[in-house]
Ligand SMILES: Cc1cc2nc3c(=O)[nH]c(=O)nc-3n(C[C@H](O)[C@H](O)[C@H](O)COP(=O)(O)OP(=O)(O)OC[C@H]3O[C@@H](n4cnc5c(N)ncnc54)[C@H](O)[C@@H]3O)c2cc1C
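In structure tokens, the next block holds one chain alone, the form predicted alone.
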């Protein structure tokens, strides 16, 4: 008979490790199965091959003052934060060979008279505020999807903006030069509800943060708190529900099949990975259908990094984030908040189809393409370029994309996706109302653990 205090966790990303930490605090023991050879999932800080002390984030970057679940966890772990507010506030975009502040009025654009002095960020605020953001903050229990929210889910973000009266010129500016450019395959293919929830969550944000010396310190600290380390290179392959609990089968790097018994399974696997796991009995048909439908909705993100001179700060790129007039392309400066450095880490960040094209290149081709773009945008910047490296999330074998971006009509499936199946529970950013965020991962873990403990102890 399985130990009633032992829980199996699939996935050693932020959600899985947070769940293990929460369970341990409540007196449970855990076995964590991780298919990859590394821990942390999409919390990934790149340190090599950069000079000592330099690093860049390949996964989630910013923490906001509204991320209460995450901030609570970081406080427990005694982690220090650095402010990114100046980086965020100074974002810029480049159009028609000219740099513009994201808060600079777009008076030269063809805009309605009442919006002549609006910036790109101001346009977004104008139309999003029309959606009554105070009613669009993610519910504590996650999935209170009433008729109003379901109607927003059926709209693409672009169609929502049209409904609110935005012109095609304004939609072009928002689609290409705002935070909306960072999600999925563009605002024509993104659920309006997903973006509005994101904006509602951040409505009262007064600061942005990152963990001092890299967000991977969250993972390191969680691991230090756990009584047992995750089993890496040990993917979950089969789950059998018994009358007493769970029997999980996993395959080690040596090809050995091991069996682990527990009172319950908490699964945090990305959907493309989850759909490859065999369940006996099978998951309910509606859940299986949702997993299959959403498994190909992950955002393609490719990130190519360069270590080079910070001389570009005296050129057009003075901010940490600059959207440029290339398809779904951003230049990130990962060291903009530091002043006592002799080298910078710049990133060419692509999303959607352009990211898929980059992912299909060799590393040499990725670095060459990125170098050409940087040189065109910032002449002379590549003269002292020291190194280049790339992370393409589509090519990560146990991720198959960066994070879930819901297409119109997709978020209505969240209640089914998050619903437990007897003694199998589900967590991860993909089963939260804040997909693609550290906060979503932590919230989902907290909620799944609370429900699991309530069921086991009832």
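Being a predicted model, the structure only gives us computed values, none of them experimental. Positions refer to the first chain, counted from 1.
Absent from the display: the form predicted in complex with the ligand. The rest refers to it.
Using a 4.5 angstroms limit between non-hydrogen atoms, residue 36 touches the ligand in the model of the complex. Using a 4.5 angstroms threshold between heavy atoms, residue 324 stays clear of the ligand in the model of the complex. The closest heavy atom approach of residue 416 to the ligand in the model of the complex falls outside 4.5 Å. In the model of the complex, at least one heavy atom of residue 236 sits within 4.5 Å of the ligand. Here the chain stands by itself, but in the model of the complex one stretch of 162-170, 295-303, 258-266, 363-371, 295-303, has heavy atoms within 4.5 Å of the ligand. Among the residues 389, 424, 54, 62, the one placing a heavy atom within 4.5 Å of the ligand in the model of the complex is 62. Interface residues of 161-180, taken as those with a heavy atom within 4.5 Å of the ligand in the model of the complex (partner not displayed), are absent.
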